[in-house]
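Taken one at a time, structure 1 and structure 2 that follow are two forms of one protein chain, written as structure tokens.
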Structure 1
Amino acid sequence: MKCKKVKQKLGAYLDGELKKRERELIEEHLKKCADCRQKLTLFSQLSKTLKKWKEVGYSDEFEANLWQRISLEKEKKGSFRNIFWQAEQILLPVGIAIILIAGVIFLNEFLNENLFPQTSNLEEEYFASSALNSFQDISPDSLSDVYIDLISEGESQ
């Protein structure tokens, strides 16, 4: 292992984070290299020095403050829910009314179109066809023939 690589691993070596093989390689190198040994000593002293930075305590009111914050949060959430609930009281009936009206209009259209399809057209066709039948044999040129037929019918009776 080269010095540079060893130096980069010295922190992890101190922290006990190296695998057995890597650890052995570093230990081998350290036996031969005074420079790396010195760096290891410095890193080790640094860790000890850093550890001396004292931790801070917490105030006696920590829990009380936390519960206060939790209840504030609940209130906020509660008031939001309340607004939503009030809106619901108005929006729900209005919504239902709109749906009902729209439903009635739609059904009306739907029933007219599907249950009595083209009623008016049928009627027209019916009248048209009956009218056509009654004048089927009559053409403007042969009106006299009609009279003749009628007369001849009457005579034969």
Structure 2
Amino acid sequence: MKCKKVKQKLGAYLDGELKKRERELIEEHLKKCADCRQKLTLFSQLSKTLKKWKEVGYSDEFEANLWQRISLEKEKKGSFRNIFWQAEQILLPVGIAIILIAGVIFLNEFLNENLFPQTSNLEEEYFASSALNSFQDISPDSLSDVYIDLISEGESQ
């Protein structure tokens, strides 16, 4: 018999659960194999130690109390999860809406500043440089003509 098979059957050998022929084969192998004898000694000591342990006793109400406490813990966790589930159902859509609105506002400001330059800034710079701060001296009918002239002068420069 090979070591692998002997090691698998050592527990049954110690407990006297093997047939006579298997027991004899294992005993012959143990005479020749020090490694398997060492495993048998280890299993034997372990078995003796386990037999010395006393069975732990518990009261008749132990099992009922245990199941009651388990169900209470499940209820606590269930209610806690329920709170998070409800919060998630409300907070998640609100959070997404806030992010989308902020993104639209930011994008709008960004596009206005970078893609559409403010003409009023250009006009103010031109009027300040030409020392023309007021249209009071110009008649209302010719205002558009003056404006067109000023812009065409600015483009030619």
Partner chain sequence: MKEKFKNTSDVQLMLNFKEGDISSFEELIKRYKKSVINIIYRFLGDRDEAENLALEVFLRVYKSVKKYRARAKFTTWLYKIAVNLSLSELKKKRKHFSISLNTPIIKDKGGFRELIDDVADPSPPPEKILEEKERNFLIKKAISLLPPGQRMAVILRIYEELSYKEISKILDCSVKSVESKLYRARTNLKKKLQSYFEIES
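Rigid core (definition): largest C-alpha set, two forms, superposition within 1.5 Å. Structure 1's sequence is the ruler for residue numbers, which start at 1. On a predicted model such as this, the values are computed, not experimentally measured, just so you know.
Shown as structure 2 is the form predicted alone, with the alternative form given as structure 1. Positional change of E28 between the two structures stays under 2 Å at the C-alpha, relative to the superposed core. Once the rigid core is overlaid between the two structures, S44 does not reach a Cα shift of 2 Å, moving by less than that. Taking the core as reference, the Cα of E55 moves 2.8 angstrom between the two structures.
Superposing the rigid core and comparing between the two structures gives a CA shift of 88.7 Å at N108.
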